[in-house]
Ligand SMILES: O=c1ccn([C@@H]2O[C@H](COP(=O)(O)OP(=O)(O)O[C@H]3OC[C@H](O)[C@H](O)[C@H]3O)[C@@H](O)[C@H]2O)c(=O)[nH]1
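This document starts with one chain, in the form predicted on its own, laid out as structure tokens.
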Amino acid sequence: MAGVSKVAPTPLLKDELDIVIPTIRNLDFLEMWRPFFEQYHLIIVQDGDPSKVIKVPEGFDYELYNRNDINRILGPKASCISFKDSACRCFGYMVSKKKYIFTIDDDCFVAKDPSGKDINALEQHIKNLLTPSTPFFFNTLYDPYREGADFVRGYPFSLREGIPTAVSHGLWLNIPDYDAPTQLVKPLERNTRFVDAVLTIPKGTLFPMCGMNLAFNRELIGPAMYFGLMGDGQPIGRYDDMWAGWCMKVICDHLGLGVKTGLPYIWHSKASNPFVNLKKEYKGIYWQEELIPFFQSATLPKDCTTVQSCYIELSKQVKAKLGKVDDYFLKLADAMVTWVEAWDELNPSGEKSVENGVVAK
């Protein structure tokens, strides 16, 4: 109609979500994301040399924190934030004041769906987080809350309400998220399969969480999203998101919270160097064979009703059981406690207990 100006719709959760980006370089990649990110608040965590000036394209609303800021804000507790590793991103989770977090790497671009349309990854993550999860009984039609889907015959009616979704784990087209040995064996492999599905990861099942295209409900699970001690001065790298994923899943299973994986896809533009990766992952490749059975058998006592109390209890078990694997895990267990203490200092509203996914204020 002539004379009627079209008002752009307000994006979902505009004032309730922060986008966290770890980086060591200028953020030109944001230009591609401008239509989807411009109305949201960004928290940029600059790794490496704090004297280097990082350029952010005009028009974005952002806060930028470098290592000097982390040291100033956390004081002695800054030791729990990794240096020269993308694990530094979890500082952004800690300083955010929003209910939801979306985190993305700076080598991730907008992907296209099979029809050629740009994928609004953030919008899909929000849909995942705002609809329930079904970890107690698998629905063979994947996400039953999606338009055009429902619960299949034989699905118990008592479980159809689902439980709150704490984490939405997105995937990647182009460069797959492989470990160094697989990268070396398949240097030219690319992921071209777009699977149009979201599913809930069942209770009791662990998964390899990738941090480059990830969203979560900070209020429900934030204190468990610690990306560990990695990078400079540590014997291991590239297990930061894995560690967070294993800890988070054990706690979600205990507290009655859900985790989804699948859509949305982003376009992962460049593969990291497999030889550098092998050096970072070398010990982790051995250690994970003991870490995964540890997490598979980990149980938390009933009186752990907050994410913080669950995480502290898990840190004790890490110290007692994984400390025998390597002294690194004694240091990591201490850092887990420091992380929770720092979280509570910056977020002093008090611990919230969670009973079957319901937050008690």
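Just so we're clear, the structure is a prediction, and the values are computed from it rather than from any experiment. Each residue number is its position in the shown sequence, starting from 1.
What comes next is about the form predicted together with the named molecule, which does not appear here.
Contact annotation for Gly92: none of its heavy atoms lies within 4.5 Å of the named molecule in the predicted complex. At the 4.5 Å threshold, heavy atoms of Asp107 reach the named molecule in the predicted complex.
In the predicted complex, Asp85 approaches the named molecule with a heavy atom inside 4.5 Å.
Heavy atoms of Thr23 reach within 4.5 Å of the named molecule in the predicted complex, making it an interface residue. Interface residue among Ile119, Leu291, Met212, Leu220 relative to the named molecule in the predicted complex, by the heavy atom within 4.5 Å criterion: Met212. Listed residues His169, Arg238, His254, Lys127 were compared with the named molecule in the predicted complex; Arg238 is the one with a heavy atom within 4.5 Å. Comparing 264 to 272, 142 to 150, 198 to 206, 243 to 251 against the named molecule in the predicted complex, the single stretch with non-hydrogen atoms within 4.5 angstroms of it is 264 to 272.
In this stretch, 35 to 62, the one residue having a heavy atom within 4.5 Å of the named molecule in the predicted complex is Asp47; the partner itself is omitted from this view.
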